[in-house]
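Only one chain is given next, in structure tokens, and it is the form predicted alone.
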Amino acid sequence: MNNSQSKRKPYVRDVKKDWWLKNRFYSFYMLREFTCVFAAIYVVILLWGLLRLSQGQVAFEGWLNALHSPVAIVFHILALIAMLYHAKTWFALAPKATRLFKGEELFPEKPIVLSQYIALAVVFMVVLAIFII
């Protein structure tokens, strides 16, 4: 039986478009989810750079010059802020998402969060060393 034959009236709860603005937790949650827009745009920019690289040196240099525009610089700063916020919230979420046990007791969250920050710092230093050397 499909819904057109049903005599029941389904319950549809009214949901306002700004429901997430009324609770601080949901506001930050939506902000965190919005950071993926910056990640997606950045992926497109990098793929565009790969395409330009495959088209030759002149095309690639044109892409590089476009990255020096004020709009691109502002976008990169905003994307960096968004990704740092995303990383911070992810690091705080990870111990809750993966519950580790040490024997019968739950492993404390602080070492898990701290180890992620240390791993981020190591990766940052490696990338920085690659670009400096």
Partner chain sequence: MAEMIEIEILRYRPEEDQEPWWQSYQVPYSKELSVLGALGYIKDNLDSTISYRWSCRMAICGSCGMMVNNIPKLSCKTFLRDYYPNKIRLEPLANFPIERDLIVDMSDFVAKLEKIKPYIEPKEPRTLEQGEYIQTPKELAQYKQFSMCINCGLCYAACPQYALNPKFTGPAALALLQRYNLDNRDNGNKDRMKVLNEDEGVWGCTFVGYCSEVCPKGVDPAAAIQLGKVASSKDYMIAMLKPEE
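Numbering follows the first chain given and starts at 1. The model shown is predicted, which means the values in this text are computed figures rather than measured ones. The term rigid core refers to the maximal set of C-alpha atoms that superpose within 1.5 Å between the two forms.
This protein has a second form, the form predicted in complex with the partner chain, left out of what is shown; the following refers to that one.
Report whether the minimum heavy atom distance between L106 and the partner chain in the predicted bound form is within 4.5 Å.
L106: contacts the partner chain in the predicted bound form.
Report yes if any heavy atom of R99 sits within 4.5 Å of a heavy atom of the partner chain in the predicted bound form; otherwise report no.
Looking in the predicted bound form, residue contacts with the partner chain include R99, since a heavy atom lies within 4.5 Å.
Would H86 count as touching the partner chain in the predicted bound form under a 4.5 Å heavy atom rule?
Contact with the partner chain, no.
R13 versus the partner chain, in the predicted bound form: is there a non-hydrogen atom within 4.5 Å?
R13 belongs to the contact set for the partner chain.
So which of 61-69, 75-83, 29-37, 45-53 is the stretch with heavy atoms within 4.5 Å of the partner chain in the predicted bound form?
After filtering at 4.5 Å, what remains is 29-37.
Can you name the residues of 53-70 that have a heavy atom within 4.5 Å of the partner chain in the predicted bound form?
Heavy-atom contacts to the partner chain in the predicted bound form: nothing from 53-70.
Is P70 one of the residues whose C-alpha moves 2 Å or more between the shown form and the other one after the core fit?
For P70, whose C-alpha is compared between the shown form and the other one after core superposition, the shift is less than 2 Å.
Kindly check if the Cα atom of R13 is displaced 2 angstroms or more between the shown form and the other one relative to the superposed rigid core.
R13: C-alpha displaced by 2 Å or more between the shown form and the other one.
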